[in-house]
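Encoded as structure tokens, the following chain is the form predicted on its own, with no partner shown.
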Amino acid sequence: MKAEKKTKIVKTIRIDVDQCNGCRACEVICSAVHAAPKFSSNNPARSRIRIIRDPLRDIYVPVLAGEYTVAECAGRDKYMIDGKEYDECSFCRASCPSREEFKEPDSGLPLKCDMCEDEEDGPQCVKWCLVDALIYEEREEEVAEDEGPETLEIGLESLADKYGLETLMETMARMAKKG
């Protein structure tokens, strides 16, 4: 039986590295939007976007938090950019066991860019980027039927395995109070 095709709106943030000047306004506004209560504090460790930088060569690369992965990647490829060597982890969007990036500083739970879905005017990092290095885009894509609740269960099981059921339950209770 063939899976039925549907269309859905895919929201993305296109990054123009050539425009980024490393001001970190995107990190500041993202952390403020995700503070509890909203705008009550500024902690870039809570930001869902990070600026990877090489100040000597004046290179800045914004990286958005992506999916959580329970295992480290198998590859450790190296990239040469303007004569400097970078490893794959430098530009990786995932939160994984081998890196501290994109983890909530208090609980250690993984962070993921939510495109500021609660904000009427879209992702705040795009709005506050003064040099247009971040560009919000929406497009229609054809996709198979939506995944069922089993996908959510797999994700919750992996978080419970990693952080313990009690920590996961406490975090969910705290999130429910915010909502």
Partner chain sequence: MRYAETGFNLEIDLTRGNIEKVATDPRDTELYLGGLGTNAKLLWDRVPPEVEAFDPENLLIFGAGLLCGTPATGCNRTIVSTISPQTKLMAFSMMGGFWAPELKYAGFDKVVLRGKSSELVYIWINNDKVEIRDASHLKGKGAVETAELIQKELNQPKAQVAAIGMAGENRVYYASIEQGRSSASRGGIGAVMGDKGVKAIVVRGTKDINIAQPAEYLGLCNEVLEYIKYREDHPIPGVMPILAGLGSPQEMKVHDEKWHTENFMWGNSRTRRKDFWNDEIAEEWTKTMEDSRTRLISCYNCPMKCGATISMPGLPTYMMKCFSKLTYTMAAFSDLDFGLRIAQKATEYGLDGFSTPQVMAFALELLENGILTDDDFPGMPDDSEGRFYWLLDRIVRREGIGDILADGTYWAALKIGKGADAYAHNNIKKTEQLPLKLSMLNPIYFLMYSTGEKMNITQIEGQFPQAPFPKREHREKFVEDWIQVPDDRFKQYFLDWEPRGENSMPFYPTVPMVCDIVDWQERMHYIDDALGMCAGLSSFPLKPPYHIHNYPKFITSGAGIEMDEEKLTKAAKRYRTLVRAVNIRRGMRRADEAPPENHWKKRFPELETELLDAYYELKGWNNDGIPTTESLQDLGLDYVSEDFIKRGILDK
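Because the structure is predicted, anything quoted here is derived from the model rather than measured. Numbering follows the first chain given and starts at 1.
Keep in mind that the form predicted together with its partner chain is not shown, yet the notes after this line are about it.
Option from 7-15, 20-28, 154-162, 167-175 whose residues, in the predicted bound form, bring a heavy atom within 4.5 Å of its partner chain: Among the candidates, contact is made by 20-28.
Between the options 143, 130, 135, 70, which residue brings a heavy atom to within 4.5 Å of its partner chain in the predicted bound form? Flagged contact: 130.
Is there any non-hydrogen atom of residue 58 lying within 4.5 Å of its partner chain in the predicted bound form? Residue-level check for residue 58: yes, a contact with its partner chain.
Using a 4.5 Å heavy atom cut-off, state whether residue 66 contacts its partner chain in the predicted bound form. Answer no; every heavy atom of residue 66 is more than 4.5 Å from its partner chain in the predicted bound form.
Could you confirm whether residue 108 comes within 4.5 Å of its partner chain in the predicted bound form, counting heavy atoms only? Contact check for residue 108: no, nothing within 4.5 Å of its partner chain in the predicted bound form.
Do residue 38 and its partner chain come within 4.5 Å of each other in the predicted bound form, heavy atoms counted? Contact check for residue 38: yes, within 4.5 Å of its partner chain in the predicted bound form.
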